[in-house]
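For reference, the chain that follows is the form predicted on its own, supplied as structure tokens.
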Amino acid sequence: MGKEKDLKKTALYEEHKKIGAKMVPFAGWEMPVQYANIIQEHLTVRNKAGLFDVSHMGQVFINGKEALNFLQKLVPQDISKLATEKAVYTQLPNIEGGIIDDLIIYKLDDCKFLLIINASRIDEDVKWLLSNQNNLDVSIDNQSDNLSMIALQGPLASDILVNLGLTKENHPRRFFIKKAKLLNIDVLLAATGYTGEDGFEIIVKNEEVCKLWVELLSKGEKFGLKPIGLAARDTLRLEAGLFLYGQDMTENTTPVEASLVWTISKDKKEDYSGKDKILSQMNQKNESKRLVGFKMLDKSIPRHDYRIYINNEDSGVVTSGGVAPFLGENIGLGYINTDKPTAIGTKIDIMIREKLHPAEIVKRPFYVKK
């Protein structure tokens, strides 16, 4: 994590301090964990709209005649099927099929793609990209230090952009990206997010993000827009059944084990790292563990690294867990060994402070927007 003084600060750091954010170290950055009450922040996003600083995320542009060819050799998704301005969720597997990172790839045009990668993995990902560049006609342009990213999430997000002067016809469709102007500032506007709500992620130059942030909060006030910290971002993504890199997946888990089979192209011809292992697990169902979602059947709260028991046998581990404020339940994600039952409805127990607490495997996502 680095010492306090070594932590990076986003371009919005002073703005966060001005509005009373509680700052904490996260992935090498000093980030706002909360501004007010975490549960209130969570419910604000579910019912109205919230604004997040996610500038710690990485932005890497892949340019060149062989950009598509390059990406095809790196990820399990078939990038050749992407329409211009379309986004796709995928992973960067290593040679063993383990997940180096999970990311979103946007096709900006035939020779230009944008990768949004996790803050804690920027150096690792760029190193992997460079090591796979070979003699391809492609440039890897890491713009993470020059760009900021803010996320406007919630059912009223679209109305707030209209109030800022961007008509609905000019909003990107869900899981698309487009160039736009907000307050005369050039941005990349993506209809993506990490909350389970409709909303947008806005990529903008560092020097222009403060103006945009302040104006969004001001113009969004009448819609109930509030700034939201990392703590509520975590409860929102968990409630929506979305995974956190470093907890729910690591270099020791494959996309199949992480229950991400839906992100693997079945008929993709190109080889990519870990393809044989990933396809073997997918076709022969021979993975040794599987990620499941569960809800507690009592008032106890599951946490990362708690053990999962089935029929009094240690059978797996909790990767993410906590309170789901909108649902009013306590929920979690975790890996269970595949020699044990993992079907929906299976009764399990979570070991909390040396006592077993009852839970049940349930369908994900836990929360689906109205």
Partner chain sequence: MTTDMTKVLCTKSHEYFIKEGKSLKMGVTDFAVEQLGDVVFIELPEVDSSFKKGDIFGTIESVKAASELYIPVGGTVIEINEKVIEKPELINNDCFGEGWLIKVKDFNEAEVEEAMTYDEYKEFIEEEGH
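Positions refer to the first chain, counted from 1. Note that this is a predicted model, so its numbers are computed, not measured.
Separately, the form predicted together with the partner chain exists; it is not shown, and the next lines address it.
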Heavy atom within 4.5 Å of the partner chain in the predicted complex, from candidates Val323, Ile62, Ile336, Val54, belongs to Val323
So which of Gln77, Thr235, Ser259, Thr253 gets a non-hydrogen atom within 4.5 Å of the partner chain in the predicted complex?
Thr235
Residue stretch of 309-317, 63-71, 36-44, 337-345 approaching the partner chain in the predicted complex, non-hydrogen atom distance within 4.5 Å
36-44
Can Lys18 be called a contact residue for the partner chain in the predicted complex at 4.5 Å between heavy atoms?
no
Although the partner isn't part of this model, could you tell me whether Ser300 comes within 4.5 Å of the partner chain in the predicted complex, counting any heavy atom of the residue?
yes
Lys9: heavy atom within 4.5 Å of the partner chain in the predicted complex?
no
In the predicted complex, do Lys22, Arg353 and His357 all reach within 4.5 Å of the partner chain through at least one heavy atom apiece?
yes
Only counting heavy atoms and a 4.5 Å limit, does any residue of 100-124 reach the partner chain in the predicted complex, and if so which ones?
none
